[in-house]
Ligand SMILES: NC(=O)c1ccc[n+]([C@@H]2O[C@H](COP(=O)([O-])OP(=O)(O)OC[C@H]3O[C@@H](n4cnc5c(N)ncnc54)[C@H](OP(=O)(O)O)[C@@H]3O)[C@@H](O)[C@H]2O)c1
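One chain comes next, on its own, written as structure tokens: the form predicted alone.
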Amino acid sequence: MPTGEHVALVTGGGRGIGEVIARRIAREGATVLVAARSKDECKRVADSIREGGGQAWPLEIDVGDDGSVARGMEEARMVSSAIGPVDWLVNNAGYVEMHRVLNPKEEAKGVYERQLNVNFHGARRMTEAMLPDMAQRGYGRVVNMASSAGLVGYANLTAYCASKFALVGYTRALAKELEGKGVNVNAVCPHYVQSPMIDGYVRSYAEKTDKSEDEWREYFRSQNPGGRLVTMEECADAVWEALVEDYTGRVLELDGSGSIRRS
């Protein structure tokens, strides 16, 4: 099927990695539904894509809320009646919150529930909302933006790791369950990415410690096996590969080396 005939829905598409993914997909000629909690952010990205000659529509969806997902999917179906069915889903929306198991703070109550609700159940909600139509048509692609935190453990991020491990497991199991139905499910697992999220970490840590922002950025860079931060464009490249290649149940790991480790 020619790229221009595909319609992709990208969650968390209003900024950061999701915005770069949405722009990459549109640049390749596919139509993009830019989904996020902020309709304004989605509209900004979608308008910019259209101004550049692409096809995009904003879509307000909070993946952590069942009602919001239902409303968003209804709107997506209305849009699809004019542009064609959504056959690509990129579950990029995510949430991270640091905490310490042995030294919990009052505000950290519910930290597991919050991150599992967005990072795992959010992707599950979106996937299960779209799977029936994909399976009926005999074609679909689901790419889950997970993390190296779904492959290894990180101190002070136990809830985040638990949610991403769950997402990787869900990806592999669902891929097996859907074998022969034409719907492929894969995951992209970047290590630390040069993104607005890292910028926030750097600022926050520098304010709370005696290390500078440059020192903290160097710390995150040094944690990646490849010796540098992964770029958002590399994340988008990996997502694009998972959408267009005919494999399923794969994990594409980006470690900062400039290459993709596929397992």
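From 1 onward, residues are counted along the sequence shown. This one's a predicted model, so the numbers in the text were calculated from it and none came from an experiment.
FYI, the form predicted together with this ligand isn't displayed, but the following is about it.
### Query
Which residue, L174, L116, V86, V193, has a heavy atom that falls within 4.5 Å of this ligand in the predicted bound form?
Answer to the contact question: V193.
### Message
Contact with this ligand in the predicted bound form for D62, defined as at least one heavy atom pair within 4.5 Å: yes or no?
### Response
Yes.
#### Entry: 4.5 angstroms heavy atom contact with this ligand in the predicted bound form for V143
V143: no, not in contact with this ligand in the predicted bound form.
### Query
Is the gap between N92 and this ligand in the predicted bound form 4.5 Å or less for some heavy atom pair?
Judged by the heavy-atom cut-off of 4.5 Å, N92 is in contact with this ligand in the predicted bound form.
### Message
I'd like to know if K43 sits close to this ligand in the predicted bound form, meaning any non-hydrogen atom pair within 4.5 angstroms.
### Response
Because no heavy atom of K43 falls inside 4.5 Å of this ligand in the predicted bound form, the answer is no.
#### Entry: Among 156-164, 127-135, 71-79, 97-105, the region lying within 4.5 Å of this ligand in the predicted bound form by heavy atom distance
In short, 156-164.
### Message
Is it true that L151, N184 and R262, all three, sit within 4.5 Å of this ligand in the predicted bound form, judged by heavy atoms?
### Response
Judged in the predicted bound form, none of L151, N184 and R262 sits within 4.5 Å of this ligand.
### Task
Determine the residues of 7-33 with a heavy atom within 4.5 Å of this ligand in the predicted bound form and present them in sequence order; the list may be empty.
Heavy-atom contacts within 4.5 Å come from G12, G13, G14, R15, G16, I17, G18.
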